[in-house]
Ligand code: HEM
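Next up is one chain by itself, shown in C-alpha cells, the form predicted alone.
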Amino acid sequence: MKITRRGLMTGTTGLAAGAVVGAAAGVATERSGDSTGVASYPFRGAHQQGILTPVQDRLHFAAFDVTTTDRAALVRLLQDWTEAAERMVAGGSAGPVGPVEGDDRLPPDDTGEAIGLPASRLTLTFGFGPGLFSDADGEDRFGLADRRPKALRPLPHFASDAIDEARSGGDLCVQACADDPQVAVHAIRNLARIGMGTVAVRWSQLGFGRTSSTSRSQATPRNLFGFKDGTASVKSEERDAIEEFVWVAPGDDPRAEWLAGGSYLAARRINMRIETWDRQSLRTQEELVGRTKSSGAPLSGGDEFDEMDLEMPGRDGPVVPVDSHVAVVHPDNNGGVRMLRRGYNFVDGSDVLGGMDSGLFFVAFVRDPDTHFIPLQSAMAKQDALMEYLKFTGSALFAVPPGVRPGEFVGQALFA
C-alpha cells in the first residue's frame, strides 16, 4: 500500500495513515534487508536510517556551510531539520501546514513538487564535518572544538587525486536516498530552504543506479564500467561485522562519546574515464577488476560470493592479478578491514573535452576512517591498476551521530 502526501495532508485518514506508517515501519524492522512492500522506514531509533537500510535507487547528497556564528541558531536548525525530516520520510510535507493548505498571502512551508507522491522509502542521514568544530584558523566556532572526534578531519590528499574544492568538504551533510528522484530532491530542497540564513549549500550530487548492496536480499548492481560493484560490502545481516566495522563503540574516542552508536561517512566523487575503458578488451577489463564481467565471480573461479584465491597460479603470475582492484582492496591485504558502501552512479553531462562527466559517487560508512578507510584508499591510489581509468574529483568526511531517540533532535548529545 502506498502512502501519499495528498492522503496525509487532506486529513481524511490522518490516524489511519499514521497507523499504516507505523505498520510499515514495523515491517521494515522485522524484515530488515527485505524491502518488498515497505512504504517507509522509521526515522527514530538507535542508529540513523540510510546506513543499514536496503539501498534505494536514487540519491541526492548535499553538503552545507554553516553561515551563522550563533550556536543557538545552529541548534534551532537541527531541531527544525529533525521535525521536517520525520514528516518527509513518512510521506508528509516538510512543514506542519503543507504546500497548499496555508494562508495564500504567505510562502508555503513545503515547495509542493512531491504532492501526490508516496514516501518512496525516503531516508535522510545527517553528518557533521570538521568545520563545524573549528574553522581553518582553529577558531572554536560553537564551543564544540573539545568534542571533535579525533578522526574527524579533512581526508588527506591521495596519489592521483584531482580534487575540486568546490565539490569537497562541508560543515554539515545530508544524504537523501529514495526510489523516486523527485522525492529525494524535494527533501534536500526543503531542508536547504528551511536552513536559509543559517546554512548555504556548498555542493551537491545526484546519483542513480545504486552501486552496492546493504542487504543479502538485494542483487549486486553494476557500475558504469559494466561490472558488479560492492560484492564484498558489509551487509546488514552481518551483525558482528556491523559492530566491528560500522558503528562507533563506547570508549572508541573518550572526547567524543556523543558519537557512540554513530559512524563516519567518507564521500569520494570518482570520475570514470569511460571512453578509454570502452576501448579495452574484455580480458583486460576483467584482469583490471579481478572478476568476470558476466557473473562477478573472482577470476580464481566459483560464484560471485565465493572466496577468491589470491595465490592461485596463472600463466604470468596469480590468476587474480596482484594489482587488480579486488586484490588490492581485499581484506586479506588490508588488515582484515571492511566497510559498508552506499555508492551511486552519476552522469553530469559532458566535460569540456566532450567526454562523459560521469562515474561513481562513493559513500562508505566506517567505524574509524584512520584504520578502516584511509589505509585502504592509500593502497588503492598507489597499487590499483584500475586507477588509470579513475580520477577522484571530490572528497569529504563527516561524523554521523547515532540515531534520533523520541523527543530528541539530530546530534543532540553533541550539544548537551
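Since the structure is predicted, the reported quantities are computational estimates derived from the model, not experimental observations. When you see a residue number, it is the position in the sequence shown, counting from 1.
Unshown form predicted in complex with ligand HEM; subsequent notes refer to it.
| Though ligand HEM is not shown, can you say which of 62, 39, 376, 66 has a heavy atom within 4.5 Å of it in the predicted bound form? | The option sitting close enough to the partner is 376.
| request: Could you work out which of 215, 204, 231, 333 is the residue within 4.5 angstroms of ligand HEM in the predicted bound form, going by heavy atoms? | output: Going through each option in turn, the one that passes is 231.
| query | Taking heavy atoms and a 4.5 Å cut-off, does residue 82 contact ligand HEM in the predicted bound form? | reply | Outside the cut-off, so no.
| Contact of residue 236 with ligand HEM in the predicted bound form (heavy atom, 4.5 Å) | Result no; residue 236 lies far from ligand HEM in the predicted bound form.
| Heavy atom to heavy atom, is residue 194 within 4.5 Å of ligand HEM in the predicted bound form? | Residue 194 lies outside the contact set for ligand HEM.
| query | Wondering, does residue 380 line up within 4.5 Å of ligand HEM in the predicted bound form on heavy atoms? | reply | Looking in the predicted bound form, residue contacts with ligand HEM include residue 380, since a heavy atom lies within 4.5 Å.
| task | Could you tell me which of 257-265, 162-170, 337-345, 236-244 sits within 4.5 Å of ligand HEM in the predicted bound form, going by non-hydrogen atoms? | result | Partner-contacting stretch among the options: 337-345.
| field | Non-hydrogen atom within 4.5 angstroms of ligand HEM in the predicted bound form for each of 90, 126 and 187 | value | Zero of three within 4.5 Å in the predicted bound form.
| Residues in 306-338 with any heavy atom within 4.5 Å of ligand HEM in the predicted bound form | Going through 306-338 in order - heavy atoms within 4.5 Å of ligand HEM in the predicted bound form - the hits are 308, 325, 326, 329, 330, 331.
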